[in-house]
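Presented below, as structure tokens, is a lone chain in the form predicted on its own.
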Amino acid sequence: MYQTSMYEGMLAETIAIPGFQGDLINAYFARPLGPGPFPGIVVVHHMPGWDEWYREATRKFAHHGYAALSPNLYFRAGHGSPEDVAAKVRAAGGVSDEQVLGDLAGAQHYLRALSFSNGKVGVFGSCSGGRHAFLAACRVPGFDAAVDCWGGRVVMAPDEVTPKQPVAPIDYTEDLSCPLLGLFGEEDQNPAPAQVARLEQELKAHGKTYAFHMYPKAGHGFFYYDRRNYRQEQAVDGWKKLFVFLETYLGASTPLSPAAE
């Protein structure tokens, strides 16, 4: 718990990491200053792109004691404003699940190899990033916790399957290798409450460790303070539940040193 006598410091910068097939991609990295050890978290951006909200979220995780890394999943589409790059990616039908999983595996390996790692790494994502976080927790070995915030297209109808998304993530539920936290809104349509219930049914059937929270009067993206769908009360509660969950399964970072008197 934070005390006013504590020293706080943070490093945040853009770096390059090996991703899918060894490609070097850029990523935003933030960590607390100090020797650690710190748990790691891979921060998976949403369909609007590798935008300011995700850089802020990466720093928020670092502020709470995590070595946080947000890879640019749209790196190969070129550079420009996040909005322009995301539009280009959408026009191309999105990025393939295989490529994303390779990038997220690279991010996990980077965090685990840090000298100040405590040996635990989780994965967090919202919207399409929530889908990717769930998929990574099923298909990429080594994650210790996963957070899916309103990830759509986890449950997919047969006609929604595409060459880039060839399997609905729910079909991999049996392979989920770590505890899962899900945060959802009752007014969301992607995923709709019925789809969330379907995923929960599958998690129960396979005996998985999970916790789902469905928020009334909230829809898609209720964490996004810069959008109309922001819901302050639900977002604050969701962040609290998220950090309790992560501390449970990733461990707490080394307490910050007291400030000099």
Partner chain sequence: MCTMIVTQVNIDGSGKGANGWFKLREANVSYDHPFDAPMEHALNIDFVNEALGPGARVAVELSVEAARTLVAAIGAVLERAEAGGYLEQSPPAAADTGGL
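Remember, predicted model here, so these are calculated numbers, not experimental data. Positions refer to the first chain, counted from 1.
Keep in mind that the form predicted together with its partner chain is missing from the display, and what follows is about it.
Engineer: Go through 171-179, 138-146, 93-101, 109-117 and give me the stretch that gets within 4.5 Å of its partner chain in the predicted bound form, heavy atoms only.
Structural biologist: Partner-contacting stretch among the options: 93-101.
Engineer: Is R59 one of the residues lying within 4.5 Å of its partner chain in the predicted bound form, judged by heavy atom distances?
Structural biologist: Flag for R59 set to no.
Engineer: Could you tell me if V161 has a non-hydrogen atom within 4.5 Å of its partner chain in the predicted bound form?
Structural biologist: Residue-level check for V161: no, no contact with its partner chain.
Engineer: Spell out, yes or no, whether the shortest heavy atom distance between P48 and its partner chain in the predicted bound form is within 4.5 Å.
Structural biologist: Taking the distances in the predicted bound form, the answer for P48 is yes, it comes within 4.5 Å of its partner chain.
Engineer: Quick check on R55: any heavy atom within 4.5 Å of its partner chain in the predicted bound form?
Structural biologist: The answer is no: R55 has no heavy atom within 4.5 Å of its partner chain.
Engineer: Consider the chain as shown here, without its partner, and state which of K208, H64, H220, R198 has a heavy atom within 4.5 Å of its partner chain in the predicted bound form.
Structural biologist: That would be H220.
Engineer: Candidate spot W150, R153 and D188, all three in 4.5 Å heavy atom range of its partner chain in the predicted bound form?
Structural biologist: Spot residues vs its partner chain: full contact, yes.
Engineer: Suppose contact means any heavy atom within 4.5 Å; which members of 75-99 contact its partner chain in the predicted bound form?
Structural biologist: Counting only heavy atoms within 4.5 Å of its partner chain in the predicted bound form, the contacting residues of 75-99 are A77, G78, H79, E83, D84, V85, A86, A87, K88, R90, A91, G93, G94.
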